[in-house]
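Next up is one chain by itself, shown in structure tokens, the form predicted alone.
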Amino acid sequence: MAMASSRLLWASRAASYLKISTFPRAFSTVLKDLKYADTHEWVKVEGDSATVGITDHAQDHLGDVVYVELPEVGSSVSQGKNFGAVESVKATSDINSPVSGEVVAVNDELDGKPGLVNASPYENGWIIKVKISDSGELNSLMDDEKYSKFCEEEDSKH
């Protein structure tokens, strides 16, 4: 009888632990050395080239990404304007470009593995690479500290 009781206690604790561990994370990862838009895109600048993706905060709120709409290489993007979309099990969300310029590469891996946006938003889940036409636009973007505060304030409103 004592054995069954201790197993029941263990199962209860395990269930309680598992229930707690499924809650959404309170804080998303925000990387230094990146710039952030208020629409939750990030940009990593190297010379006149910029890699763009959606932030950990955005992918966390979207849920499992099932499709990423990519622009054509050679197309132009403008700061703050839509260039594609991310579809998840919860919603479809536009992706806006944090910088203006010409798309020089798209992450074709996302066609077969859209979940890379969830699993690795800042590395393997990048979306486009852009040749920047106006580096002055970077000044209007947030650094990691401002973006973290922005996310905290936004989450407290919901």
Partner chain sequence: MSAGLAGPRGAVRPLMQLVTMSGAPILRQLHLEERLLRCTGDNWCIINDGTAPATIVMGVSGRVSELVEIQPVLRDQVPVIRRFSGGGTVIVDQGTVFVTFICSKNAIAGLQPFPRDIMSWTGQLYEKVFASFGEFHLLENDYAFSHRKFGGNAQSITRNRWVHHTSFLWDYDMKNMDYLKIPKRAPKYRLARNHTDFLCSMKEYMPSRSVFTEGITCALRDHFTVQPMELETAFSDDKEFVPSTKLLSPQDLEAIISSKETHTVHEVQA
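Model, not experiment: these values are computed from the prediction. Numbering follows the first chain given and starts at 1.
This protein has a second form, the form predicted in complex with its partner chain, left out of what is shown; the following refers to that one.
The closest non-hydrogen atom of residue 76 lies beyond 4.5 Å of its partner chain in the model of the complex.
The closest heavy atom approach of residue 90 to its partner chain in the model of the complex falls within 4.5 Å. Mapping the unseen interface onto this chain, residue 62 counts among the residues with a heavy atom inside 4.5 Å of its partner chain in the model of the complex. Proximity of residue 119 to its partner chain in the model of the complex falls outside the 4.5 Å heavy atom cutoff.
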